[in-house]
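Quick setup: one chain, the form predicted on its own, written in structure tokens, and binding and motion questions come after.
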């Protein structure tokens, strides 16, 4: 599948932080960054850039939820590998202070990824414009498309088509519910409003198709692909960085540093932190539901493995039985 235009964006720290409230040590993040540098991965999303609030206090939600420039600089300056990836952070609509965003020339951040739901598209496009005006590369990540009304999706895409400040438009399978045929359907829909070479994909692994769906996006001609090391991300996680690098057959990528950081950092972390597919998250994906209920269910050790009970809980919530 070698195609030199394809770029890999690793979002281990940002998506993985949704599991542990971004309580990663600086040592761990530096190790991830070094592995990304040595592997040749193009972009690393190092966290979110939210504004602290009563709802999101820094004491509960770790430093990688706020990504202060000085913190990012310490990570970037900690390792000078053979390749320096671009640095990305994510904005969540409604939880940011766009007025506090510095000019790109005064920041270590290269790319700002604006995440929104369909109903927030107008606010999101305004944020994208302002980020572009300040010199940043931009992406627009419209979340939970699998649960959105298609006519509303089309209306949102019409707004995107009128906003040249969007460098990349993301197809996001937030619930990990899509099959490859649905991926193709939405790519064809998106192509009416954005060239395929300016699209990205972010998949979740609830029904164990994040890797396959990422491959489907490659087949369809997409060039920007999200991954996480060891598949670490919210709930069932994401497409594995190490698997995709091997699949792409691009000589600029070296998968060995990724396996080294998995061995040294991720294997020990699994003793205190859970991620990856299980039947609870599989049910969430099959039912096209947000994994938050599954995460709460897994957190209760008395019933964490009771997949039959969870299925009944979810389906009764839908049917009202």
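Numbering follows the first chain given and starts at 1. Just so we're clear, the structure is a prediction, and the values are computed from it rather than from any experiment.
Keep in mind the form predicted in complex with another copy of the chain is missing from the figure; the text below concerns it.
No residue of the trio 72, 114 and 193 has any heavy atom within 4.5 Å of another copy of the chain in the model of the complex. Residues of just one listed stretch (33 to 41, 49 to 57, 64 to 72, 265 to 273) have heavy atoms within 4.5 Å of another copy of the chain in the model of the complex: 265 to 273. For the options 189, 98, 161, 219, the one in contact with another copy of the chain in the model of the complex, meaning a heavy atom within 4.5 Å, is 219. Listed residues 78, 180, 84, 250 were compared with another copy of the chain in the model of the complex; 180 is the one with a heavy atom within 4.5 Å.
Another copy of the chain in the model of the complex comes within 4.5 Å of a heavy atom belonging to residue 306. Taking the partner from elsewhere, residue 223 is found to have every heavy atom lying beyond 4.5 Å of another copy of the chain in the model of the complex.
By the criterion of a heavy atom within 4.5 Å, residue 260 is counted among the residues contacting another copy of the chain in the model of the complex. The closest non-hydrogen atom of residue 215 lies within 4.5 Å of another copy of the chain in the model of the complex. Contacts between stretch 61 to 91 and another copy of the chain, counted in the model of the complex as any heavy atom lying within 4.5 Å, involve no residue at all.
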